[in-house]
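A single chain, nothing else alongside it, follows as structure tokens in the form predicted on its own.
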């Protein structure tokens, strides 16, 4: 089962390395990782997407709590939360497919961020299904390159 874990950490050198080492030493995989400062510049928020049964996730959270620079660990999957990801997709366009590719981008509310005579790049923000959907529709038209940010998440309410 896929799980999204939010980890507040002290914003210091080596913290990311220690967390990555914790996962690799125990044979756990990080499917997605996003890190940035919070409103407090001395604290960063890591959004880690991993997978495993309840026992594995419990073990991961206990091990994260033991790390000295970790302030708070929250399994967002268990509560009400919002998840988003951003993707940049570079589409090769021929005159015959350009209009169709732009129509697909418009349907998914994608923003065209770069245009050249032979390609254009769109930016899409949303959940997994939205991003996977636009990729599936653009692939037959000629995707040249894809770059994904990884998932970010925040709990809803207080």
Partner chain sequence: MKLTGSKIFVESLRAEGVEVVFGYPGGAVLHLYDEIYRSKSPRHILCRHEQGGVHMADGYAKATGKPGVALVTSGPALTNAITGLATAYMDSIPLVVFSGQVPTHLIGNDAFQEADNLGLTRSCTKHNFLVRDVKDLAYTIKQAFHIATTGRPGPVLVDLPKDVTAATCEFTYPQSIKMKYYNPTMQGHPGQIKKAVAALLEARKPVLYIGGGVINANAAPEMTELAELMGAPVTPTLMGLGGFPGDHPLSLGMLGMHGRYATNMAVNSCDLLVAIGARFDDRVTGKLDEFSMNSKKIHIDIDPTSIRKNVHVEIPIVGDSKVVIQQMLDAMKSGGKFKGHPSKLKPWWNQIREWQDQHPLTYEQGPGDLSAMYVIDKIYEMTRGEAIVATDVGQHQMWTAQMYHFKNPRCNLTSGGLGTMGYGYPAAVGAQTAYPDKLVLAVVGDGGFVMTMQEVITAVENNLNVKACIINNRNLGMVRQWQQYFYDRRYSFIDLSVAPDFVKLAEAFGCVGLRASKAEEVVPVLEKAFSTPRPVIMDFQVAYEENVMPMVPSGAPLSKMLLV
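The structure displayed is predicted, hence computed values, not measured ones. Numbering follows the first chain given and starts at 1.
Here the subject shifts to the form predicted in complex with its partner chain, a form of this protein not shown in this document.
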Quiz item: Okay, which stretch from 62-70, 104-112, 90-98, 128-136 lines its partner chain in the predicted complex, with non-hydrogen atoms inside 4.5 Å?
Solution: 62-70
Exercise. Using the partner position in the predicted complex, report whether residue 144 sits within 4.5 Å of its partner chain, counting heavy atoms only.
Key: no
Practice problem: May I ask you to state whether residue 140 is within 4.5 Å of its partner chain in the predicted complex, using heavy atom distances? | Solution: no
Quiz item: Does its partner chain get within 4.5 angstroms of any non-hydrogen atom of residue 53 in the predicted complex?
Solution: no
Exercise. Answer with yes or no whether residue 37 is in contact with its partner chain in the predicted complex, where contact means some heavy atom within 4.5 Å.
Key: no
Practice problem: Decide yes or no: are 83, 150 and 158 jointly within 4.5 Å of its partner chain in the predicted complex, with each residue judged by its heavy atoms? | Solution: no
Practice problem: Between 11-28 and its partner chain in the predicted complex, list the residues on our side with a heavy atom within 4.5 Å. | Solution: 14, 17, 18, 21
